[in-house]
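Encoded as structure tokens, the following chain is the form predicted on its own, with no partner shown.
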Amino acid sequence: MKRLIFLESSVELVPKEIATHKSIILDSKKRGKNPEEIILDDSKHHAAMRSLANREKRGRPDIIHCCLLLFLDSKASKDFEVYIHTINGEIIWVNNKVRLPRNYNRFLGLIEDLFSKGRIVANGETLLEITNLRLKDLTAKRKVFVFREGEKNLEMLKKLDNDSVVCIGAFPHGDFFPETINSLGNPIFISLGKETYTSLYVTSRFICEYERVRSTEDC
């Protein structure tokens, strides 16, 4: 089965080095949780995040929320195993049949539960799980396609087969870490063009192009 990985997704628990900042403490008290049990969110923790390394790529869990809602609503989702690769390197498996909360705050609560428990189960079925896998485990012996800015070449999507992995960055600014690209082996880069596009736009275009190609093949 094909795989979709959202790379370096901007989702993580509040790091220890900023857990005592007043903005974090205030938010955690409102939530009724310990500071290190809440998800880092730039909209609430902007002041605390100023000292963080790679600050421009962190604290945007809304990006993966929107991308997952879009992809899981699509027909394309039936053809893919879905994974979240976090900015800290965790690999989260997402059941492609899961109905995620539309409400952002409820989504944050769900992800906080996931980091606490390691797995979310409903009616005997696992919906989300933090795995022991590494990025290279997901891509070994597979063709890896990575969306990245460059010369437009969407026709490369015609080469997707059941041993393919499609990767989309899910962070707000910057480029992939070199170690991330190295973990992918010898990826094939796919581009929408030389401009910088949002993760949501790239996900949307991928879905449209994939479903267009698939419908053509079915004719």
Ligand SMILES: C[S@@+](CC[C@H](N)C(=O)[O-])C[C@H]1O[C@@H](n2cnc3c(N)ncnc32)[C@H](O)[C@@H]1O
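Residue positions are given as counts along the sequence shown, with the first one as 1. Note that the structure is predicted; figures quoted are calculated from it, not measured.
Not pictured, yet referred to below: the form predicted together with the named molecule.
Although the partner is absent from this view, S23 stays clear of the named molecule in the model of the complex, with no non-hydrogen atom inside 4.5 angstroms.
Proximity of V165 to the named molecule in the model of the complex: non-hydrogen atoms within 4.5 Å are absent; the residue sits far from the partner. In the model of the complex, the named molecule lies farther than 4.5 Å from every heavy atom of I18. Using a 4.5 Å cutoff between non-hydrogen atoms, S204 does not count as a contact of the named molecule in the model of the complex. Checking K33, H173, H46, K159 against the named molecule in the model of the complex, a heavy atom within 4.5 Å turns up for just one residue: H173. The candidate stretches are 33-41, 47-55, 147-155, 179-187, and the one lying within 4.5 Å of the named molecule in the model of the complex by heavy atoms is 147-155. Residues in 82-103 all lack a heavy atom within 4.5 Å of the named molecule in the model of the complex.
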